[in-house]
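Consider the single chain below, provided in structure tokens and representing the form predicted alone.
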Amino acid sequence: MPELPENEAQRLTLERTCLNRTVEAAELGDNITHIDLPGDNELGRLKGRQFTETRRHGKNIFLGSKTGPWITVHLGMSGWLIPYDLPESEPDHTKFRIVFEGDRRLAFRCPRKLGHVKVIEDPDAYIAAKKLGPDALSIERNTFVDFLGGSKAAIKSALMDQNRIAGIGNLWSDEILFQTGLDPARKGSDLKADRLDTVFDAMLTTLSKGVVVEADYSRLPDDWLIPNRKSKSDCPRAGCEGKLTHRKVGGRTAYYCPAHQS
């Protein structure tokens, strides 16, 4: 599932390609049963508008203007926002499109139908209504440490709790724990203050790097987990002679190195 770095890369794409263009139409694609998309009245509200701002909170992307309305997009497991210009062909599995004046189009490609597009009035009100936690790149250290240190859930599961910390999912939680040498099933409540601080620092470092490279995994350091995330691969950590493996933690597949993560 696209997480904070992937969604930030998408936000940047929208900022670069879709702002200050008049919307001629907002339309639904094909095969749209069982996916949450705007209705006719909501689509009509977008016609004639211009998007002038982008925002992101956790895994949620917002495109709109000070006076609204906004659209919010959640990419789900495999969704992606793809700007293109005619006469380029529309991406397959397009479930929603915005037709801008001229040749520019924006397609929401969502093969597995697990994402959504909504028309909303205000991002802050939406974030509050969904009870999302602080964004992982803006959460205060004390808030993070108090939550994680008081959690009796597996630390991987706690990091992925969107109501407490918004933006971290399966992939980047594994990287954070790989960097800190923690077993993904270990409880946050078992950690001392200095280890909790280390997790916070690793979270900021890894997510910030993911943002800098715009979620291009080939540009991540070679000694990180993500570029090597395959069971039975050699652990890329310097000086570690372990092998990567995986197991279920809180219903999700966790990749880690049992030699240095404990």
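Bear in mind the structure is a predicted one, so any value in this text is a computation, not a measurement. Residue indices: 1-based, along the sequence shown.
One more form of this protein, predicted together with the DNA, exists but is not displayed; see below.
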Contacting member of 149, 76, 91, 83, with respect to the DNA in the predicted complex [4.5 Å, heavy atom]
76
Just to be sure I understand the contacts: of 130, 97, 186, 104, which is the one whose heavy atoms reach within 4.5 angstroms of the DNA in the predicted complex?
130
Non-hydrogen atom within 4.5 Å of the DNA in the predicted complex for each of 44, 66 and 71
no
Using a 4.5 Å heavy atom cut-off, state whether residue 229 contacts the DNA in the predicted complex.
yes
In the predicted complex, does residue 20 have a heavy atom within 4.5 Å of the DNA?
no
Whether residue 3 contacts the DNA in the predicted complex should be assessed with a 4.5 Å heavy atom distance threshold; does it?
yes
At the 4.5 Å heavy atom threshold, is residue 141 in contact with the DNA in the predicted complex?
no
Which of 83 to 91, 175 to 183, 149 to 157, 133 to 141 lies within 4.5 Å of the DNA in the predicted complex, heavy atoms considered? The stretch 149 to 157
Within 4.5 Å of the DNA in the predicted complex, counting any non-hydrogen atom, which residues from 34 to 54 show up?
34
